[in-house]
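Next up is one chain by itself, shown in structure tokens, the form predicted on its own.
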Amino acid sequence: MKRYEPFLALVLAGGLIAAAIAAPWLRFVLTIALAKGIAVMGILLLLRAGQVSFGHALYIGFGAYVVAFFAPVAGDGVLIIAASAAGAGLLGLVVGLFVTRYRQIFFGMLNLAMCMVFYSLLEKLYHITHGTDGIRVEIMPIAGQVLDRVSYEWTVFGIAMGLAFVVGFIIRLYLASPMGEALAGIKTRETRLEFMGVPARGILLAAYVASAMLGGIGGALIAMTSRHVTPLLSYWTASGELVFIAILGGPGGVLGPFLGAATYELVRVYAAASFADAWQMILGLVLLLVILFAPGGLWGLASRLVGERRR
């Protein structure tokens, strides 16, 4: 664990808040980036065990549809975010009991298969989900407060920022705990863990459920921000986005997902505005440069620069 990580987290948070104040339209982009950063922290947990999920958009889509269905009933954003996390955790437990029996490419592809089944259900059950038309999410009270549009957007931005700090702190403690160390042991010494009496599958299942809950929170925040939910949130390309961000940010620390998500969203927005037909190529080039010159991702690059400055 890097001692300067909390300091860098404050600097990054200050930068995001300053950017949202200076350019109000960026508030939407940065809230989405924070939501995706929270979801990518779930990918980070699985990467610690050497497993890559190509289907975690399943939990983003699930969390988003919980918001779409229950916003008119529950009527409070805080309750709905909690319900999204709990529901995604239960779904993750059911799916995880099956997929954690497998490793490597089988683990990744089974997650992808589950995600695509969910996507197909969302698309086909038109009378419930409105198919590809999606469901509009109205502005909802938060903590009992009725808000206008601008106040609502700032509040969701603040909630996303607060959750990023809380979840990042918890995941940091988790990775430093014996369970986190055992998670790392699954990557290289799973058989030895079993010989020592450590249930590797149980450790991975716990991490999987936690990652599903993070996906649910991320999905809820995306739905509350974009205020429109469609099946595309759980399409396989959305899962690929999460893996892309995880690689871009780097798996070495809890700040990596947020660095990766902010960079991804900003590059995508500016590239799409400047080169509408080539923004995917620009994103690919950015990832290629990071892989070639910063194998540890943006977090690895930042750690190296700060470490050299402290010598």
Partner chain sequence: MAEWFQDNGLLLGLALLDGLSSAGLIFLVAVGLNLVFGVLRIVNVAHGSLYAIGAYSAASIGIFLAGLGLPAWASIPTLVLSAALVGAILGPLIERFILRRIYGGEEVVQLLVTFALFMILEDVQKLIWGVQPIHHDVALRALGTIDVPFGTDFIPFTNYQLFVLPTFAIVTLVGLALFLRRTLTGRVIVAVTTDREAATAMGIDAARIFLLTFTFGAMLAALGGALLSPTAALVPGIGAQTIVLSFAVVATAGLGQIEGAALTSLMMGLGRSIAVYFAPEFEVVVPYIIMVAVLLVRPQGLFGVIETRRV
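Positions refer to the first chain, counted from 1. As the structure is a prediction and not an experimental result, all values here were calculated from the model.
What follows is about the form predicted together with the partner chain, which we do not show.
Q: Where, among 94-102, 161-169, 146-154, 130-138, do residues come within 4.5 Å of the partner chain in the model of the complex by heavy atom distance?
A: Only one stretch passes the 4.5 Å heavy-atom test: 94-102.
Q: The partner chain is absent from this chain, but in the model of the complex, do 11, 13 and 174 each have a non-hydrogen atom within 4.5 Å of it?
A: No, none of 11, 13 and 174 comes within 4.5 Å of the partner chain in the model of the complex.
Q: Are any of the heavy atoms in residue 69 no more than 4.5 Å from a heavy atom of the partner chain in the model of the complex?
A: Outside the cut-off, so no.
Q: May I ask you to state whether residue 28 is within 4.5 Å of the partner chain in the model of the complex, using heavy atom distances?
A: Answer no; every heavy atom of residue 28 is more than 4.5 Å from the partner chain in the model of the complex.
Q: Is residue 201 close to the partner chain in the model of the complex, meaning a heavy atom pair under 4.5 Å apart or at it?
A: Taking the distances in the model of the complex, the answer for residue 201 is no, it never comes within 4.5 Å of the partner chain.
Q: Spell out, yes or no, whether the shortest heavy atom distance between residue 240 and the partner chain in the model of the complex is within 4.5 Å.
A: It does: once the partner chain is placed as it appears in the model of the complex, residue 240 has a heavy atom within 4.5 Å of it.
Q: Heavy atom within 4.5 Å of the partner chain in the model of the complex: which of 44, 255, 32, 247?
A: If I apply the 4.5 Å criterion carefully, the residue I get is 247.
Q: Only counting heavy atoms and a 4.5 Å limit, does any residue of 127-152 reach the partner chain in the model of the complex, and if so which ones?
A: Nothing in the stretch sits within 4.5 Å of the partner.
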